[in-house]
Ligand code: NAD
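Take a look at this one chain, the form predicted on its own, written out in structure tokens.
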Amino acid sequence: MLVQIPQAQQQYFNTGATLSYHFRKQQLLMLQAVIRKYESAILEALYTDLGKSAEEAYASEVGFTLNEIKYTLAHLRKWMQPQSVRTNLLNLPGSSKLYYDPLGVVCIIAPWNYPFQLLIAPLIGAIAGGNCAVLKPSELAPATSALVATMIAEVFEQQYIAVVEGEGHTVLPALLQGFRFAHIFFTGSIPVGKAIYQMAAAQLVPVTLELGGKSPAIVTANANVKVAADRIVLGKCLNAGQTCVAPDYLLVHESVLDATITALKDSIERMYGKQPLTNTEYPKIISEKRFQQLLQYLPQGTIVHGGGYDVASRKIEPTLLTQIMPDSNIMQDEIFGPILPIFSYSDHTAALQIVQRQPNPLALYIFTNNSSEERFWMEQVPFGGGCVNNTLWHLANEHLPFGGIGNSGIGTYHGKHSFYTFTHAKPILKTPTWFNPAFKFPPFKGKMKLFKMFMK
């Protein structure tokens, strides 16, 4: 039975074997070594599953993960040290510290779009935090799933780190309802995230949910249009648009609409050529189901560039759409493909109304050289994270937390934030015995002035 795996891990965790700095460091080094050993095989698996070129796969998955391990190794000892914090006047001469305790046995559930990185990056935080972990890779990326299972089994005992493969709709209920995990970390769609959340809530299990949403890119009247176009196209077409923080639609000030569309066309042809369907560096859509869903979006606007597709290879050209109805399906769903709806706007209010139709985007990208416009969008829209004059690259900064807000997710990770996600900050007040003031003990009558003095 599946639940026997986390049960055995709980027994192992209870021995205290995962607690020491030396143990955690060694496990991270082992993970680093096995990734380097299987680097070529990982790139091949990602090409099989998603058609990613070796270069794109390395930059967005393997290299990203190795950098996360390197950063964690460099800072882990410091993160593990109890952190001294200030002590208030009432508790002086005591001292206060935060101790970061492992959570226990955690479950990490990964999606198919970045099937290696989005499984292993959270695992780095779980190992750094001193936990045991069950990993559930996506069955929609079978080559990567099978390879990760082989890699993990090669270096880790199942009682410490285990991979569970299979169909999510059968595996996850068996796991999550049969064992109380200390934490569940899920990356994927909002509907599945809600189902995971419901299963976790039944046992009061804390969760991190990295979901999605409709992330806007906004090009203002004073933006550098050519630079904006390059960075928007990269953000939209990386992994053929199958990126949770890809620009989902574009809002362009009416004064630069034509120039922006022209620049976007130029950027697409420069990056992917006039025949992107035959470009070996241009990825494919993950499945026939997703491919057909994306094709249904094409008639929902006027195609001003692209629109071609190849059924056999499951590739769709980078496509620009205008004249879209705000209530059409393409503006209700997260597109998750290389199709970019473009809207024009005349003022901030009109643009903001479009953004507010789909609240709490996972990302927001503003292209402007005006600080007041930048400040307006930063203040007016709650969103997970984003960039000014760029797209996507905030994910590559290990000093920044990554996560959503509201419908786009719960919790953050990356760098030290992964460590904090997979640990409990345990507050401890230490009080000396040489000082034992009587006013802190009953009877309290007549001590109101003292209480008010110390508790202002």
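These numbers were taken from a predicted model, which means no experiment stands behind them. Residue numbers here begin at 1 and follow the sequence given.
Missing here is the form predicted in complex with ligand NAD; even so, the following discussion is about that form.
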Is it the case in the predicted bound form that His169, Glu334 and Phe402 each bring at least one heavy atom within 4.5 Å of ligand NAD? yes
Which one of these stretches, 295-303, 271-279, 205-213, 372-380, sits within 4.5 Å of ligand NAD in the predicted bound form when only heavy atoms are counted? 205-213
Just one of Leu103, Val192, Ile324, Ala149 has a heavy atom within 4.5 angstroms of ligand NAD in the predicted bound form, so which one? Val192
Pick from Ser138, Thr72, Thr368, Thr319: which has a non-hydrogen atom within 4.5 Å of ligand NAD in the predicted bound form? Ser138
Using the partner position in the predicted bound form, report whether Ile109 sits within 4.5 Å of ligand NAD, counting heavy atoms only. yes
Tell me, yes or no, whether Ile161 is in contact with ligand NAD in the predicted bound form, where a contact means a heavy atom of each within 4.5 Å. no
Residue-level contact is defined here as any heavy atom of the residue lying within 4.5 Å of ligand NAD in the predicted bound form; does Ile196 satisfy this criterion? yes
Indicate whether ligand NAD has at least one heavy atom within 4.5 Å of a heavy atom of Ala240 in the predicted bound form. no
Give, in sequence order, every residue of 177-192 that has a heavy atom within 4.5 Å of ligand NAD in the predicted bound form, or say none if there are no such residues. Phe186, Thr187, Gly188, Ser189, Val192
